[in-house]
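Only one chain comes next, encoded as structure tokens, the form predicted on its own.
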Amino acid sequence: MRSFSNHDPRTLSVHAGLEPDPVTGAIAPNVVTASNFAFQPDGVAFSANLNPDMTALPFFYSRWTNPTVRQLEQRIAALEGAEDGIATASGMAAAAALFFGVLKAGDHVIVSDVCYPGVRELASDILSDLDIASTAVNLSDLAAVRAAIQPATKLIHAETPCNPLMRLTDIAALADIAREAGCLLSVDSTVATPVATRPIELGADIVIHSLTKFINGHGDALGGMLLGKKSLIEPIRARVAVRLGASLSAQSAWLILRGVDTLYPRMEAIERNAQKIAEGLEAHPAVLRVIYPGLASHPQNELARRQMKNFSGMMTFQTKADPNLVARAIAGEGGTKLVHYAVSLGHQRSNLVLMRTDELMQSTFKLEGEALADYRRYAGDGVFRFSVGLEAPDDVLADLFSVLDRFR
């Protein structure tokens, strides 16, 4: 395997993990759809317990390792400055691999009180059934993090920027706390991407991505990944990937590899678009507030400028009018033509969805007191989570204003 360790990340995003096909010379990755591979009788043990480094084995069975998937793992690991990575069938599968791979009964995990709802519910609803305790904490409040640490704490799991508030966590400061406590720090960097932030360089032990979002960038494949030191990743691969089976398909890996090829120029274009759109929305009389890391009005803009090289393409905004009425206007007849009312984010096309505060409190976050007050400072009764695409920003603003102008 050729080494690209001395190259710029832009180069790594195109070349890392890629070897021309030894037979045809093709320089695009092959889609190896085989589920099984021919091997020598003495080359592979059938138990993961007997294979401490499964990626060093001959290809054996695609639930363990697959040539196309392995190329994706190597490329994202190079972008994150990680020793290794394990690809999974979705971002939630990556989160499950993390929790089930490093935690056991009697352990305690600290999670961000606001993060991707599925991850929050996995920690609060499923881990508790397995006698794994979890505490939800505002991870931007370092004193609260220290207060939440217990003797059984094995993991602190952060998400920055967090979904949907766009609140940031100081990764370097949190890493110091985790080291003092003798626990691991994992960072979900899905919104930031390695273009913006490389958490391992800031002290994180594990980085998690939903590859479905900006890294794939085309809205046509699900995927997830965990990255870190090989000594951390390989036990998770053996414990979770082999035994629970949430492996990424070769076809999805190939689609995501295609997305990684253009990750840097896409994120640069998306950031330019997002900055202009955020500024335009902030100035519109129907808009109450915009939260975007690139705006001076973001409560943590100084941290954003220190920790992010790219402000990415996700923002939230509140409207002065009832957000439910605005959502119906956007999604209904005569609504927006370019901006789709749809979930997910990080695709080439812009989309938004209303995240209702009361609904999220009832279903997922269940915040009270000061934690709820802090959430409402960012989100009010509900925010529109807006993922900016590759359209011309003036066209997107005109499309949004065609609806927002009705609510002046």
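From a predicted model like this one, the values you see are computed outputs, not experimental measurements. Just count from 1 along the sequence shown to find any residue number.
The same protein has a further form, the form predicted in complex with a small molecule, not shown here; the description that follows concerns it.
The small molecule is not drawn, but in the predicted bound form it has a heavy atom within 4.5 Å of S90. In the predicted bound form, no heavy atom of S312 sits within 4.5 Å of the small molecule. For the chain shown alone, L345 is a contact residue for the small molecule in the predicted bound form, at least one non-hydrogen atom being within 4.5 angstroms. The small molecule is not shown here, but in the predicted bound form it comes within 4.5 Å of a heavy atom of Y116. Per the 4.5 Å heavy atom criterion, the small molecule in the predicted bound form is contacted by stretch 90-98, the sole one of 90-98, 76-84, 230-238, 299-307.
Within 4.5 Å of the small molecule in the predicted bound form, a heavy atom is found for every one of N163, S210 and K213. T190 is the sole member of Q71, T190, T169, S247 with a non-hydrogen atom lying within 4.5 angstroms of the small molecule in the predicted bound form.
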